[in-house]
Each structure stands twice: as structure tokens, then as C-alpha cells.
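One chain comes next, on its own, written as C-alpha cells: the form predicted on its own.
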């Protein structure tokens, strides 16, 4: 099973532990990642101000993968959304496809329908499967309690993702966490936005949104929050200290990427999973799981 790994903008700068753990997990379960150096931004940051430019940027990335005959694996929810939406629109609308290809032709590329785009978590759930993952588990994380944040773009709009999970009551990431042995702890407003979408324009509101979720999550005294999107992690981890200072609260809640959790259960060294790069240190969690620090 082979995919071109699409990292986007945020992960190489602020989510290296996400990339590290995803690569280690992929090797352990026989997924081959191909690195296409010409991949760029997905187009998400300019979509709200110039939809046409965003579409062309996304189409360029898809065309690069098509030229190499590769499927695309994404790690970021926003990248997944933008690339999937562009793929669908260009595949179904010949007029727009011809217009975009006129621009891509200037750099020797052409969008062609047929490139598969999937988030890594969806690949693990659908293409690898819980049963196969369970057979590779080497360390039971049964002593750990974890809550999950899906993020807005992983499931919605549901028709964009062929309704592979119930957008109103999802379970795929819960199942992926549960296969490690860890208990999944539900909480109020688990499907609400992290606030990251407005961080650059309404920081106070964004931080308040993240605070509400951190309040509800930590009320259950969980060992960690598990995310599958780098910008959601920025809200809950990178901005956690800022929220604590602003609102005079204290959380000290580790925020882990799902491949870090699965990697521990697969017996991968925590150093290879990038735990040293976590801003909120997870030493207590690692000790509780019987992992050498």
C-alpha cells in the first residue's frame, strides 16, 4: 500500500512530531510513503479571499501526484478538505477543469480525474482496518484515559467524504484509539470547532472557544487529548499556556497526535514518535503506560 505523503504548511514547522509518528506507524503497518518534493500549500489559506487561486493551487498538487501515479495521504484536516473538494469539483465540472488546466499547462501540468485523497486516520480505519491493527499491538494502553477532538474538516461536509462516518455522531477515531486498549472518555461539545479558523482575526473568541473544550475535557481528569489535525493541536497545545494565563486556569493537559498513541501501542520507541517535541510534556502518561522515558 503506497501513498504520496502530503504534509501541507503547518506540520513541517509546528507539527514535526505528527510527521515523525505517522512515518513510524506507516512503516510498522506496511504503508509506504512517497515524498513528492514539489508539493506545496494546499490552497486553504487563500480560499476565503480568492477561491479561484485556491482551486488552482489544490489542482497543481493533485496533478503532481497524478503525474507520478500516486494516491495522496493527508495528515491535516484542512488540507484533506481543500484537496478533496477541488478533486471532486474538477472531476465533475469539465468547464472549470479546462479553465484550471489552461493555467496548469503553463507549468507543464494537467489535472486528471482519478487521484484518491484520504486522511491518514481514514486510511488506517478503512484500508488497514481495526482487525489488522489489533494483531500488531505490542503494548496495552489500558491504564490510560483519553478524549478525542475530531476537528471540523475531517467529517464535514459528509457528502464530500462519501459519508464514511456519521458526522453528527462519529466513531472512527474512537475505534482507532480503543484498539490500543486506552479508554475513550466522551465530553460535552466534543464536535465543536477548536477556534483555530478565526485565531488570526478574533484571538479572544478563538481562545475562549478552545478554553470551553479544555474545561470540559479536563473535568474528566483524562491523561491526554488526542487530535488528528495540526491546527487543532495548535489551539489546544501551543495556546494552552496562553489560555491558562489569560483566564487564570491550569490544565497541564498533554495533547497527542493519534499516530503517537498508536505508535506507543505498536511498541515504537517514544523518541521516534516525537514525544520530546510535545509542548505539554507527557512524562506522567508515558510512565503510566510503562514506557521508558
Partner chain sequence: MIDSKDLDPNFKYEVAAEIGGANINRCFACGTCTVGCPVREIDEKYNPRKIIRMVLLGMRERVLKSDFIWLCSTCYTCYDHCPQDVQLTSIMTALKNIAAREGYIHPSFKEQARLVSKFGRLYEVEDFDNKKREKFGLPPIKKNFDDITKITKDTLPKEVLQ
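What you are looking at is a predicted structure, and each value in this text was computed from that prediction instead of being measured. Residue numbers count along the first chain shown, from 1.
Although not depicted, the form predicted together with the partner chain is the subject of the following passage.
A heavy atom within 4.5 Å of the partner chain in the predicted complex is found for one listed residue only; from 215, 103, 127, 174, this is 103. Note on contacts: among 137, 197, 184, 123, the single residue with a heavy atom within 4.5 Å of the partner chain in the predicted complex is 197. In plain terms, the part of the chain that comes close to the partner chain in the predicted complex, with a heavy atom within 4.5 Å, is 189-197 out of 219-227, 115-123, 140-148, 189-197.
In the predicted complex, at least one heavy atom of residue 23 sits within 4.5 Å of the partner chain. Looking at residue 279, you'd find every heavy atom of it more than 4.5 angstroms from the partner chain in the predicted complex. Although the partner is absent from this view, residue 51 contacts the partner chain in the predicted complex, with a non-hydrogen atom inside 4.5 angstroms. Taking the partner from elsewhere, residue 39 is found to have a heavy atom lying within 4.5 Å of the partner chain in the predicted complex. Although the partner chain is not shown here, in the predicted complex the stretch 144-165 places heavy atoms of 152, 153, 156, 157, 158, 159 within 4.5 Å of it, in sequence order.
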